[in-house]
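Next comes just one chain, in structure tokens: the form predicted on its own.
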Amino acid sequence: MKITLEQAVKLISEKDNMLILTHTHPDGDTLGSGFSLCYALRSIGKKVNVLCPDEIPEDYSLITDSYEAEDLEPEFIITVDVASAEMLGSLNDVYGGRVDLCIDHHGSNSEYAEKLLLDCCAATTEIIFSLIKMMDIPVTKKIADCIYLGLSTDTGCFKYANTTSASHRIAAELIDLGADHATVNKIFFDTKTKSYAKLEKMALEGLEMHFDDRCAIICVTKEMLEKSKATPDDCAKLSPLTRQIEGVMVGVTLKEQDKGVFKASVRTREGINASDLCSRLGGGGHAQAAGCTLNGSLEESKKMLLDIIEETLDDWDNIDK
């Protein structure tokens, strides 16, 4: 059941012993949302923990370095930036059917939680910021860092089409509240690890162009990951590369998960809906950034994607623009 921000505030205000869950392969928005909400609720005396299904990359130590888990038995479970229970990864079996409240910004949300606070804004941290302010909880520097990190990473440092004037106003307010925007921007937008540089080189060497160079695909195999010693966080940084190529309308990064299983990250130009495209393969996401999981060999996975991308581009060509 969808609820309003006011209803979510009332609900959370009445609860204690809360567990906040983030999604697998964590990014800045899910972590920024989870930890900002945790720190805010703890500051008013509530017992709250954050649980991530995967190891949190070192890059996020700016927001996690002061966190310590509390001894509590969860009575109320919240997910943040988790569009479907499957995105909980290893936590799905334990908590997937027990989520009391989901706070999310994905239009493709499957409404798996008992209650859903949904706003299709630039980042879930925007919703968390509004919630914290409505609860009259002071926004500390640490909370501001968390929210700024989530907002900046989900908007590509405010470059993506999902960025709104509200995003900029919130960012300005967060900076006034002490958010260390320079450090966040340096870590996430101006720094490449050596392992990432090696992985990027290998990935771009295998770049494929299709459909009059309007589709670009790069593939990342387990062998490439082993050779580069790249991390899952390194892989996530590859996704925008294909869309940056002149003339590309659909960019795809295919990453080998297990033998016969590939995860596709799809990025599109405005006018082509990545979420609709991925939903045809059991996935979803945002209008210009979405993903899905494919079962099959690398060549079979590419063919599944390319068939649908070709149809999508043909449909786009036939639209009266």
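In case it trips you up, residue 1 is the first one in the sequence shown, and so on. What you are looking at is a predicted structure, and each value in this text was computed from that prediction instead of being measured.
Separately, the form predicted together with another copy of the chain exists; it is not shown, and the next lines address it.
A.B. asks: Within 4.5 Å of another copy of the chain in the predicted bound form: all of 161, 190 and 204, by heavy atom?
C.D. replies: The answer is yes: all three residues contact the partner (heavy atom, 4.5 Å cut-off).
A.B. asks: Of these, 90-98, 245-253, 121-129, 224-232, which stretch puts a heavy atom within 4.5 angstroms of another copy of the chain in the predicted bound form?
C.D. replies: Correct option: 245-253.
A.B. asks: Among 185, 239, 110, 140, which has at least one heavy atom within 4.5 Å of another copy of the chain in the predicted bound form?
C.D. replies: Filtering the options by heavy-atom distance leaves 185.
A.B. asks: From the list 85, 135, 157, 219, which entry has a heavy atom within 4.5 Å of another copy of the chain in the predicted bound form?
C.D. replies: Only one listed residue qualifies here, and that residue is 157.
A.B. asks: Are any of the heavy atoms in residue 269 no more than 4.5 Å from a heavy atom of another copy of the chain in the predicted bound form?
C.D. replies: Within the cut-off, so yes.
A.B. asks: Closest heavy atom of residue 75 to another copy of the chain in the predicted bound form, within 4.5 Å or not?
C.D. replies: Residue 75: no, not in contact with another copy of the chain in the predicted bound form.
A.B. asks: Is residue 210 close enough to touch another copy of the chain in the predicted bound form, meaning at least one heavy atom pair within 4.5 Å?
C.D. replies: Close contact is absent here: in the predicted bound form, residue 210 is far from another copy of the chain, nothing within 4.5 Å, heavy atoms only.
A.B. asks: Looking at the partner-bound form in the predicted bound form, is residue 114 within 4.5 Å of another copy of the chain by any heavy atom?
C.D. replies: Contact with another copy of the chain, no.
A.B. asks: So which bits of 141-175 sit within 4.5 Å of another copy of the chain in the predicted bound form, heavy atoms only?
C.D. replies: Heavy-atom contacts within 4.5 Å come from 148, 157, 158, 159, 160, 161, 163, 164, 165, 168, 169, 171, 172, 173, 175.
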